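The chain below stands alone, shown as structure tokens; this is the form predicted alone.
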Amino acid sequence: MKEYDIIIVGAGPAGLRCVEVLTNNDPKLKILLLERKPEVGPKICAGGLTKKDLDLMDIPDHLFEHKIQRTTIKSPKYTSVNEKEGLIVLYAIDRREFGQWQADKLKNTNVDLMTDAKVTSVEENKITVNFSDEYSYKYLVGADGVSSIVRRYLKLPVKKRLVTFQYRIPWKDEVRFEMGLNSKYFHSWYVWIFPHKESLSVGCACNPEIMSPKKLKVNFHKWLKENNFDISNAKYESFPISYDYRGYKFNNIFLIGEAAGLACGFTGEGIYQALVSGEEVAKSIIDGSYVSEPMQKILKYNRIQHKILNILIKAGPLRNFFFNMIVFLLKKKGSDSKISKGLS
């Protein structure tokens, strides 16, 4: 059985960031990074970064498919269009390219990266990969997403989650970023239109305990038809999002990113939380007395998002009134920046 100081399960943004920070602080650490997929990077999601991500990492310009300045947010009654010269709101990325860039940072380090490596069991200080290969650890980090085997080993359930549907629609016209708030179709959530190189990601989400996925799918197709989207040549995709946070540090085992349930239940945002939690857990492993202020800020931000979501869920017939009020305020100078900050 091969021995490692740290084993990280999952080579997404969280796991890759964690390894990068660990190796930068102590190059002698023996680290095993496991990815169950054949290659690092690909993941189905809308695919966007915010300025917060760029403040955290020096991401090269060539990774950005689009730099989005113009945002459109719609409710049943109002439309808010916001565009400020020089202000970039979102950066569209390809998840495969982003993951490959992160993985390239690990070249010439003391990190063993294994793909096609599915963790099939977790035990105290030991894991098994692909039902046969055993590896021991001093520290274990679960960065393996919604269905995390490390989280299951810790006996932490996942009750708060989103189910999402989206189409990648061929598109070569103007850069288009929109959010649509309409309780008639999407209950307490929204529909997004997100631009990529040669396509638009058009999708929606809901908590399946609040609105059935079957109903969401029917409503989504109605909305697509009413808004003249041709999906005949589009690629259909679906993915879950976990926002059921129950802690991230459990003695010598840690959870980061979606494995810890750190995504937002309203916006679905998760890459920033993944990057921060990966970095902060690395610092906690290096220094056992480290107190993470960035993690506290993320948890506070998520609590605010969850409060907004709970208000919307309980609002019932008044939900669209709140949506209209949000978009109306976005149209007002002075209020727009405060509302935008609260939502993003």
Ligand SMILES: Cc1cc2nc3c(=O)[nH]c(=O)nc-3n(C[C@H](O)[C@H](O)[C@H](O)COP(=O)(O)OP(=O)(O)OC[C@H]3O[C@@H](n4cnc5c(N)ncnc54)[C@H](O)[C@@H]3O)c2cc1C
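Heads up: residue numbers just count along the shown sequence, starting at 1. If you're wondering where the values come from, they're calculated on a predicted model, not measured in any experiment.
The same protein also exists as the form predicted together with the named molecule; that form is not shown, yet it is the one meant from here on.
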With the named molecule left out of view, which of Ile313, Ile298, Met57, Ala46 would have a heavy atom within 4.5 Å of it in the model of the complex? Ala46
In the model of the complex, the one of Ile149, Ile193, Leu156, Ile253 near the named molecule [non-hydrogen atom within 4.5 angstroms]: Ile149
4.5 Å heavy atom contact, Ala103 and the named molecule in the model of the complex: no
Can any non-hydrogen atom of Leu22 be found within 4.5 angstroms of the named molecule in the model of the complex? no
4.5 Å heavy atom contact, Ala263 to the named molecule in the model of the complex: yes
Does Gly99 make contact with the named molecule in the model of the complex, using a 4.5 Å heavy atom cut-off? no
In the model of the complex, does each of Ala14, Arg36 and Glu258 have a heavy atom within 4.5 Å of the named molecule? yes
Just to confirm the contact call: exactly one of 79-87, 178-186, 219-227, 158-166 touches the named molecule in the model of the complex at a 4.5 Å heavy atom cutoff, so which is it? 158-166
Going by the named molecule in the model of the complex, which residues of 218-246 come within 4.5 Å of it through any heavy atom? Phe239, Pro240, Ile241
